[in-house]
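Taken one at a time, structure 1 and structure 2 that follow are two forms of one protein chain, written as structure tokens.
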Structure 1
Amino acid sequence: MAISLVARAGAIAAISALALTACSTGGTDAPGASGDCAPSDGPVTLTFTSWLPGVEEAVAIWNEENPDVQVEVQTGPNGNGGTYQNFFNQLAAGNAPDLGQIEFDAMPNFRVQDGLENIAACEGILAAEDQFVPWTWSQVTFGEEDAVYAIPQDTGPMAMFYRADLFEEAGIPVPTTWEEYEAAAVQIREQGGYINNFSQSDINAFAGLVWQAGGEWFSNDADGWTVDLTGAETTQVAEYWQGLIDNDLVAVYPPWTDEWNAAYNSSELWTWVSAVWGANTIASGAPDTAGNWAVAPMPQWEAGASAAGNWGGSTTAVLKGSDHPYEAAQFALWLNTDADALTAMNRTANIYPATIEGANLPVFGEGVEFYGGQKIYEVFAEAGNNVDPNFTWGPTMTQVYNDVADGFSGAVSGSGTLLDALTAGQDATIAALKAASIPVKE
């Protein structure tokens, strides 16, 4: 009960904030346009909840250099695995941590429920925009003026992992457009393999494909949210993959399972259109294929284009009610821009930084053995710059993922289509927004 009341109040507060972009301070106690983000007196201890493995190493560097601002790491399962719910519980109880890891797709949910501090007034935050890959910055400002709700941490630019050896042996050209991809799929099927596996439960991966095609599932303005899970671009992407499924040109193993790994390891699957962090997934799941993989940009809808999608990535947000927003903001900025911190987080958790400079870290300049020595991160850096900055996530993404995934699972087993699932997801999403008293435009 308490939660839904908070949600409702938050939704109304957030929407009115959106309506009053020019003069709003975004809330009574938020350090908004009045510039009241001042350093605290005396030593400060910040709590920071993150599920990034080994983030303590990066934090230790900060604690060493800043004896007066100590950061205490707390942990938990990944966001949708329980930590987001914990954040909302803690916000309701008034004891949220100062800082929390929040993925891009969950940011609007926290914004709408008024769970984030606006740190734009804190020293150096607005000026930091130039340091970040452009699309990530619009994700943390929601397009509001004088507003920054988090510092981007990592991203998941997408590209195509492919079996260079198999393509060469079979004499099939590596596809650069989705049309060529389908043609290659037919040829690969004749060889007994599949070009790809359609991931029925990773709706955010599918969203990455829609993102690349220029689709926009959500948008908002003063009058409320617009939900468009069935727009022209989404329909195009859905029908394309539906065709591959119907003609048995892609496998439909449940992703992240042993049989899925085994299919890659046994050379049954030839490509994976995935995010930068997928590099480790393949290396770990298909060890027998080491040295045979390569990375190329995603296939394009128009020949010669260079659009890329994004799958994953998170931010470090200052949560509502923090007693030390100034110090929290400084730490968040340092954690996600300092070369040593980024290197440490890459080493322990394979994160791919959201800063432009991050792509130039020594670790990303090296050739990767598993990929035949190719400097694969150059491809991803390029992809990161080609991600459309206008894509917006909705405030109830967990629900969207669940509802659409139900339909996708049906579609791969022959009942209904991907588009049916998206249509059902559209209705369910509008119902969910209304249930949370979030204004929807239909």
Structure 2
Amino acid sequence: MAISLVARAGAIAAISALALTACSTGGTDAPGASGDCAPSDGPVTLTFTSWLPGVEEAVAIWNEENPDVQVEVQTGPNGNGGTYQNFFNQLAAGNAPDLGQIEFDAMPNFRVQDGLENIAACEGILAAEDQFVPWTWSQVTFGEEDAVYAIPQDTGPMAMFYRADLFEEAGIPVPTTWEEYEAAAVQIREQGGYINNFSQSDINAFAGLVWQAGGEWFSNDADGWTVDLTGAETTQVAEYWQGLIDNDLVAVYPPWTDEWNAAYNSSELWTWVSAVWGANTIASGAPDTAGNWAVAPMPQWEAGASAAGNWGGSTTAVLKGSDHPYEAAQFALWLNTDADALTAMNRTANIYPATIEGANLPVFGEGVEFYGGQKIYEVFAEAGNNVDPNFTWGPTMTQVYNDVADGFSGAVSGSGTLLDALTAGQDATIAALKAASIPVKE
């Protein structure tokens, strides 16, 4: 069904009244939720859209165990690469899939558009809260009573992937601070390489760098939203990377392209500060470098600190209009709590589960051959413990990313700066909130 204006207005009101923070109180102790969520009569076929590599393997386990509830996987580009827009188009046309992969930072967009089914009344959903890392559960409830809009899937704690062989051969110490990182960048450039690639379109990655630095882009109280894309910490991060760009110390390839993969596969790029799921990206995009990579904590702004950012992390949501919300909710819960499913998704996509027990699965204690046998998940587990939970996503993050990305594209080609792009993005965000009748404070 298409989204009604009345429902959308209600969703906007709910979002406007909430601080969508990772540390807000999630879930509810109520025994049930309003609304009905009854099983369907007869066999059911669900459609599920995801960009997670190899998710079909986990789904195959479900299909074998549940012959009367089959799930068909539809793959697509990553969320901001086109899948989210497809979802919005499908929701408007009334033909959205039953389930969709949605990242935490995009959840407010879908809530504002009333694009999510509240599955709190479905069997076992409210009771599952204690199985998940608390901040991830709050991301799918928005602090609303008797409301659950998705099941958390994974988190994206950040660390530094680096070419251990190249650093060792060049005699360059692995950087532990951002000051050391810049110094290493100069040495690497002298050898014809780049320490990293600055992504002009992965604004959520840049947000992770700001997150690590202690910055926030949004805050919310009873009077409305505050938008601050140019605060002190954001400015510090922007000016740092602007300096690397200006001095030709980082490459500026469009990410997620063959050119970008080739730069890693040819040893032109020596590090990638990314999330845990990036382990699969490097392994698939740079196969000739197998065994030469390692993982270390993110460089720090202060020596001896241990702060980490977060990039990504997803949910499995039941999209509005599903004819089978009960079965969809059961599948979403199973997919993100079942040990075999989580193990399968880690092996194919290197996800790091949002469940508390997921981190204790045997696969996360194993060495990873591509990374020289290193137990890389120990690094990411520590990073996850050092991510500040007090980070707020705004209600129009897709718009934020698009507007800032436009400016970042200009900055890497010499037209303006990263800070100019963030300033313009802030102005555009305030205008977008006002246009959506979402209260915003000047």
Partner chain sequence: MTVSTETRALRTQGLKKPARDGGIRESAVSRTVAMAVMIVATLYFLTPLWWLLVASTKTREDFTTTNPLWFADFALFDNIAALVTYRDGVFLQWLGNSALYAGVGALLATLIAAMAGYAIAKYTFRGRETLFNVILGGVLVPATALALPLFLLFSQAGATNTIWAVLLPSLVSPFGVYLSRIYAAASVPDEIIEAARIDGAGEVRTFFTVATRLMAPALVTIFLFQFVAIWNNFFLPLIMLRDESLFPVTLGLYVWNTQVSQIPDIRALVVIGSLLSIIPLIVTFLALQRFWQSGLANGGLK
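Treat the numbers as computed from the prediction; the structure is a model and nothing was measured. Quick note, the numbers are simply positions in structure 1, starting from 1. Rigid core here is just the name for the largest C-alpha set that superposes within 1.5 Å across the two forms.
Here the chain taken from the form predicted in complex with its partner chain appears as structure 1, while structure 2 comes from elsewhere. Between-form comparison between the two structures treats the chain as two rigid units and finds the smaller unit turned 24° relative to the larger, from C-alpha superpositions. Aligning the rigid core between the two structures leaves the CA of residue 343 offset by 2.8 Å. Fit the two forms on the rigid core and the C-alpha of residue 96 turns out 8.9 Å off between the two structures.
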